[in-house]
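In structure tokens, the next block holds one chain alone, the form predicted on its own.
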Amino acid sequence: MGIGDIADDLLRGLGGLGSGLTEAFSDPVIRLGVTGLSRAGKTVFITSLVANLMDRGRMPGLRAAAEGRILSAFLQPQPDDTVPRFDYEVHLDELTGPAPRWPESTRAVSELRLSFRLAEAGLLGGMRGPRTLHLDIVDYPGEWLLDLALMEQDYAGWSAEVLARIENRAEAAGYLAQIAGLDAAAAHDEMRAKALAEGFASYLGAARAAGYSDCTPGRFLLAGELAGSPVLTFAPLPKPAEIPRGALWREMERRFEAYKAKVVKPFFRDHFARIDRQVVLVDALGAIHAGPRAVEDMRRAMAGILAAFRPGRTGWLTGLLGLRRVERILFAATKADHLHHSEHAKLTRIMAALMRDAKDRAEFAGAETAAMAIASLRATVEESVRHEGRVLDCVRGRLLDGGREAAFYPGELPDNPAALIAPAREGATQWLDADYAVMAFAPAVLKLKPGEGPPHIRLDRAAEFLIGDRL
């Protein structure tokens, strides 16, 4: 650690001390981080959660709501003036309007503050007046979450790991052809570096579309204002035996370190390190549909990044000093409405098995974890269909492609998660005894009653686990 790092950490510690002291003598705040891998439904989750916390008619599993202790819930200006506000009203209109549609995916950090007026439970309720609790919801792309694992790697190790992982992937054929025979010890040439970065970014986009999770560096897919900058102009290369000054390898190595220092570390410092509770949304059904390699890739990715959560309980003194740890982590398999309810318990068990390594590490550090199958916005209804002498448990919804109504039978998930986990770990290229279909549904046209939020599956239980103890 250099002098600059020490000074930066010292100043940050003093800032955290001030923040901790301020919070200790003001209304309490929970910072809930919401993230997930591509197409997991982060924006829909936050929008539906907030709508259902404000109109709690569909939240019987949230104990404070069921007991009538939430007197009111209302939106307030967020505390971080430099972070974009989560566009809740626009997204709610998109989901519940006369022609509902799914919102655009998360592309940057955003934040929303929801404040509660709460009555105390039990005897204290009659002795004390209402109290206030603020819920600050922080939305950030899952691709940025995966980048946190880069902090523990150097360029040589990262390059070797990436190239070994992608050598048999069809999506990587173009990039691997680019670097075949490349002399990374040759003098750096900016046009060559740019072409390599573009080739690797093209691979990452194709890999994400194919259902893979290990699509890092994440800013290659969500470049924003950094597009074209040197900090995004690098790619993994085979390490040459001799590396002279001015070599292409050395410049790529320098830019990799700059990406960690100037992109990943500020995100961790300014946003991630301040989170108290975390929900990780996972499109487990999409990974299962994509095949064993996608399932194993997702399992490894989630296990590898958990160290960045710094899980564990935050004591009174560490909280006062502004030292945060993630106390509760929910791993939620989304799109449960794509399955009949008879399959939900199987999906939950599969989710728990996929997250086992991450869960064990978190619980060892003192954090509480849970796995759950949810649908943030229910887009289907259930029905039984007779087909070839069998009664099939189906779901019916409006298809995303074309908008027509259709019933869909997704098949049965295995009772034992090992039927999926074992072949995925062993490197199988396809499922031996079944294919798992998936269908893309559009949001249903809704007619909400006063006091009701959008329909969902287990969003109330997810809220109870994440924040119920503080309500």
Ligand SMILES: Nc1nc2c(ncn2[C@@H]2O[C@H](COP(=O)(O)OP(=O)(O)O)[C@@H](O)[C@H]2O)c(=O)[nH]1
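Note that residue numbering begins at 1 and tracks the sequence as displayed. Here the structure is a predicted model, which is why all the values come from computation and not from measurement.
In what follows, reference is made to the form predicted together with the named molecule, a form of this protein that is not presented.
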Candidate stretches 155 to 163, 182 to 190, 341 to 349, 372 to 380, one within 4.5 Å of the named molecule in the predicted bound form by heavy atom = 372 to 380
Is residue 31 close enough to touch the named molecule in the predicted bound form, meaning at least one heavy atom pair within 4.5 Å?
-> no
Wondering, does residue 337 line up within 4.5 Å of the named molecule in the predicted bound form on heavy atoms?
-> yes
Is there a heavy atom of residue 267 no more than 4.5 Å from a heavy atom of the named molecule in the predicted bound form?
-> no
Any of the heavy atoms of residue 44 lying within 4.5 Å of the named molecule in the predicted bound form?
-> yes
Pick from 420, 62, 37, 413: which has a non-hydrogen atom within 4.5 Å of the named molecule in the predicted bound form?
-> 37
Looking at 236, 397, 211, 103, which has any heavy atom no more than 4.5 Å from the named molecule in the predicted bound form?
-> 103
